[in-house]
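Listed next as structure tokens is one chain, alone, in the form predicted on its own.
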């Protein structure tokens, strides 16, 4: 972000720009928001800064009318460039997603190339490739049983969207605790994908008892071929990545043959304070940031794709970021906006999925367990 601001400052030498940042910035800025003296432009991410709460508290500028026609500095309509559209709060837009992350499946690209294994395009491909990998003495799939939201985010939720004819509103209705949504047969079809992976013996038996870093370490040691994770994995394990290791990334593995990939995404967003003193300058910065040039630079420097669609294949961004950006910009990928479940329902799903992966329950029992928790939430 520092480089982006420096570029904007160079293009606008008459502006006096002050950046406030750091690991405790949200906590440090809280008194200013409370006192009605907020920063003009805000990067909404991290603990203690929740967009829905900021909207409820009237802290963010309503950008609904402005963003409809807003263009970036290259004259391109910003809304047309976004891989993930802005979230609406009662039909209004208050923040624009910029940093894009996605759950998905990492694989050992160099190993695959060496062995002549192909990147799977669909569930049938994934099963066939995993059979080959297993025959070669390598575990096809590992996940973290201590944090089952990894397998839910990267496998189950995309599978539900695929099974629901690529319509992600089912996930959104599930998150709203709509009892009818939980009766949708797409959920059972998705759960049965995991059962197939389990019953073919593709899941590393160590998965159930290990945390995310342990599962990631085994993946980096070439002991497991696929791992469900988020785009932060390569940076998180940067100190442990062996020489020659190349991260391959695909958004999903559970789509039918010929079906679209499904990218379950999360974002950090930009907003403008409702009480900002320099709203025009803040909007000008927004128009500067949402350009293809800045998006490419962001991917190169941060190792994470921005929310701006575009070809960054010739940039210096890491290969897995180029892979992710290519998928997220493709018409053959369904990009699922961030979906948040209530804490109790989320916990019930995590516990049930772990039980499913080790054969303790059936998909029908998974649905009943979680639906019972949803019913309690509705009372």
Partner chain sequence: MKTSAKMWKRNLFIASFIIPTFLFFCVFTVYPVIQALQKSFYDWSGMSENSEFIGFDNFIEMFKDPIILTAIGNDYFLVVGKVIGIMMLATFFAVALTRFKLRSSGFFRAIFFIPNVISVVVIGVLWNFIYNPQIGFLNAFLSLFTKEKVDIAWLGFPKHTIWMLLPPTIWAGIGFYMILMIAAIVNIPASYYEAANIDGAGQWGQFRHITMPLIWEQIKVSIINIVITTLNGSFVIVQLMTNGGQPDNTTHVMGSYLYRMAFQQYHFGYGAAIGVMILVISMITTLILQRILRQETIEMS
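Residue numbers count along the first chain shown, from 1. Small disclaimer: the values here were computed from a predicted structure and weren't measured. For the two forms, the rigid core is made up of the largest set of C-alpha atoms that agree within 1.5 Å on superposition.
One more form of this protein should be noted, the form predicted in complex with the partner chain, which is absent from this view; the next part is about it.
Taken together, the three residues 50, 218 and 224 all lie with some non-hydrogen atom within 4.5 angstroms of the partner chain in the predicted complex. Only one of 62, 344, 45, 332 comes within 4.5 Å of the partner chain in the predicted complex through a heavy atom, and that residue is 344. Checking 339, 67, 354, 55 against the partner chain in the predicted complex, a heavy atom within 4.5 Å turns up for just one residue: 354. You can rule out all but one of 101-109, 82-90, 122-130, 147-155: in the predicted complex, only 147-155 has residues with a heavy atom within 4.5 Å of the partner chain. The partner chain in the predicted complex comes within 4.5 Å of a heavy atom belonging to residue 275. Looking at residue 209, you'd find a heavy atom of it within 4.5 angstroms of the partner chain in the predicted complex. By the criterion of a heavy atom within 4.5 Å, residue 358 is counted among the residues contacting the partner chain in the predicted complex.
Using a 4.5 angstroms threshold between heavy atoms, residue 326 stays clear of the partner chain in the predicted complex. In this overlay on the rigid core, residue 343 has a C-alpha that sits less than 2 Å away from its partner position between the shown form and the other one. Once the rigid core is used as the reference frame, the Cα position of residue 31 differs between the shown form and the other one by 2 Å or more. If you fit the rigid core between the shown form and the other one, you'll see the Cα of residue 333 move by less than 2 angstroms.
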